[in-house]
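The chain below stands alone and is given in structure tokens; this is the form predicted on its own.
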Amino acid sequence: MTRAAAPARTGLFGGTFNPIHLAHLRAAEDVAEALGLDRVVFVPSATPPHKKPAPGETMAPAALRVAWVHLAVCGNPRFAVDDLEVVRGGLSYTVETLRIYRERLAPEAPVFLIGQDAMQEIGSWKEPEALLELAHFAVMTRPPLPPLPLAEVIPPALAAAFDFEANGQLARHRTAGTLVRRVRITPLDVSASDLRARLRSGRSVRYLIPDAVRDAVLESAVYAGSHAQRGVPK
């Protein structure tokens, strides 16, 4: 009898990716390596309910952001892109995406990649209790924030459902069996907001985003300000 292959271990990396940059890619690589994931699926959001553009800021159209993520990950066989949130439209609620992937991967649960700062705010997300039951969570520290014990990262109302290891790096959900794990990533202090500011002022973003993405972003002129010149290498 031939033994069936075990389900692939899948990570999900959601976000606006406005635009995607090298810190996103390095973080996904670090988590995949640390947790032995077979693949990491990048899931660009359509309309994020928690991120409203500040005055003068720009959210690139979803179709462009999806295309840029494809360009960014195409050279890594472990990376993939799923535009299900963009196709679904409306507000992009993570819990809806996790329910879809939990069904696709059953009996395995996906691993959701999340920054420490976002994890501290997860209590304000839609159906936070369900989120932590549907998936494992890989909590990443984003520079310049210091890593905190998970008991200080998971909001208190949600932390009550977990047992924490003494080292503060692992927590297990008592009923769902899902895990929240601290994963150390390469500390690259690159942010999309800084990239957008650079692009608005016509400064270089070379070596901060993949070359193919940089070329596509410049060609789109989505973030170009009054000082940026379209078509000039940056």
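Heads up: residue numbers just count along the shown sequence, starting at 1. Owing to the predicted nature of the structure, the values given are computational and were not obtained by experimental measurement.
The same protein has a further form, the form predicted together with a small molecule, not shown here; the description that follows concerns it.
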Of 73, 118, 134, 150, the one that lies within 4.5 Å of the small molecule in the predicted complex (heavy atoms): 118
Candidate from 167, 204, 193, 175 lying within 4.5 Å of the small molecule in the predicted complex - any heavy atom: 193
Candidate stretches 74-82, 88-96, 110-118, 156-164, one within 4.5 Å of the small molecule in the predicted complex by heavy atom: 110-118
Contact label in the predicted complex: residue 34 to the small molecule, heavy atom within 4.5 Å: no
Exercise: residue 10 in contact with the small molecule in the predicted complex, heavy atom 4.5 Å: no
Contact label in the predicted complex: residue 223 to the small molecule, heavy atom within 4.5 Å: no
Exercise: residue 142 in contact with the small molecule in the predicted complex, heavy atom 4.5 Å: yes
